[in-house]
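A lone chain, given as structure tokens: the form predicted on its own.
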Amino acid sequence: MITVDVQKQLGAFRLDVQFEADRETVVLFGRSGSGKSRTLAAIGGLMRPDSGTIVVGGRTVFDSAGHIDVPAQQRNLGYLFQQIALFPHMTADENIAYALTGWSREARARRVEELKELLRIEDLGGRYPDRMSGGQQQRVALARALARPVEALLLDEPFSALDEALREDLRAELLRLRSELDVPVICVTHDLREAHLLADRIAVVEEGRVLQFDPRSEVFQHPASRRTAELTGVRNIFPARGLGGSRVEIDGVAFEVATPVADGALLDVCIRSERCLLRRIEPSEALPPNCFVADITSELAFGNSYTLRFEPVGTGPAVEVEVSSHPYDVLGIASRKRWVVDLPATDLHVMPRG
């Protein structure tokens, strides 16, 4: 278990973060310069906060009031940086064993073999870093970070320098390892997909503050604010006015929502692009609730999905819809530009304005 509550003034930038991590993967997610890596550095003992506390495995490693600041090498933490930094003159075995100073030769050899088996790098033992791929180097670096028993594993953008195929492999490797490592994992990333794949809980960080700290599904489906929604990839965010009950008005159209709202309340309402639906019904028919007529004004194909931009015919909001390639083909979207767009009430998330 790790608990973090620290503050640090860094010129005009103030870091002020609070979160905790149990036996889970917590992702610190945000844009570059938001304070994620600084937070990790504080946990690892590489940066001294001005105030606050850090507790690792029930042991206080930093407490400004109690004048406690345990050195980095005594915090029992595994730390993996973006820059791999293996010793170029050492083999994989020697790099891994470097962290085992004070162990007997037999214990060192046994631990190195355990880690190579865990990370599936048994055949790399005698190789030097320049004879390894980027993914192999990162696995060796991870083994080195785990060489000593650790209370937690800290990962600072560990895969960002690798190509996408290698990143996919190492993300899968980390997910596999997570089930075998009975310690908290704290991972810094600005990659939205990586955050979604790896996290049990996500701390969304902006300008040195945690905007939201919740389970992954809660952060993505129910962002706490417009800014959190923007940072987590929500493209459809609409100013709205409460109509009372569970109804809001967006650009002249009344929509049912799943949350009771006050009449006249100023709100923001959002929906993820992949949760919007398209209906093949004639506009002359009576429209079901939460539907409006719109035309496709642009589309972008990427991999196995299409991103469609709709402008309303009459009243209604402009909206972005993401459709996978199979329904795109089955519905014949390429040959038809006018559709009825359906924004399901259960997927419309209501937030306070501002």
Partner chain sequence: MQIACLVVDRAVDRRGVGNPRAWSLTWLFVSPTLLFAAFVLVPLVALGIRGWQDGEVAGRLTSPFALQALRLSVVTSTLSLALALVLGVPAAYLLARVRFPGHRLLTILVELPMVLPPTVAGVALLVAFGRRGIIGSALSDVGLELAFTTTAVVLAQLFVAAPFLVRSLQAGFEAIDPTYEDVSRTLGVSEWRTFWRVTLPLARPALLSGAVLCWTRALSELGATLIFAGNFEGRTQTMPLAIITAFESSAGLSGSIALSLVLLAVASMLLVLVRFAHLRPRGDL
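Bear in mind that the values here come from a model prediction, so they are computed numbers and not experimental data. Positions refer to the first chain, counted from 1.
Below: the form predicted together with the partner chain, not depicted.
Would you please decide whether R144 lies within 4.5 angstroms of the partner chain in the predicted bound form, comparing each non-hydrogen atom pair?
-> Yes, R144 is a contact residue.
Though only this chain appears here, would R148 touch the partner chain in the predicted bound form if you measure heavy atom gaps against 4.5 Å?
-> Taking the distances in the predicted bound form, the answer for R148 is yes, it comes within 4.5 Å of the partner chain.
Taking heavy atoms and a 4.5 Å cut-off, does M90 contact the partner chain in the predicted bound form?
-> Yes, M90 lies within 4.5 Å of the partner chain in the predicted bound form.
Is Q73 close to the partner chain in the predicted bound form, meaning a heavy atom pair under 4.5 Å apart or at it?
-> Within the cut-off, so yes.
Heavy atom contact within 4.5 Å of the partner chain in the predicted bound form, the stretch among 229-237, 186-194, 258-266, 93-101 = In the other structure, the partner sits against 93-101.
Have a look at L124, L198, I271, L77 for me and say which one sits with a heavy atom within 4.5 Å of the partner chain in the predicted bound form.
-> For this set of options, the contacting one is L77.
Sort through L153, L174, L86, V248 and report the residue having a heavy atom within 4.5 Å of the partner chain in the predicted bound form.
-> Of the candidates L153, L174, L86, V248, L86 is the one lying within 4.5 Å of the partner chain in the predicted bound form.
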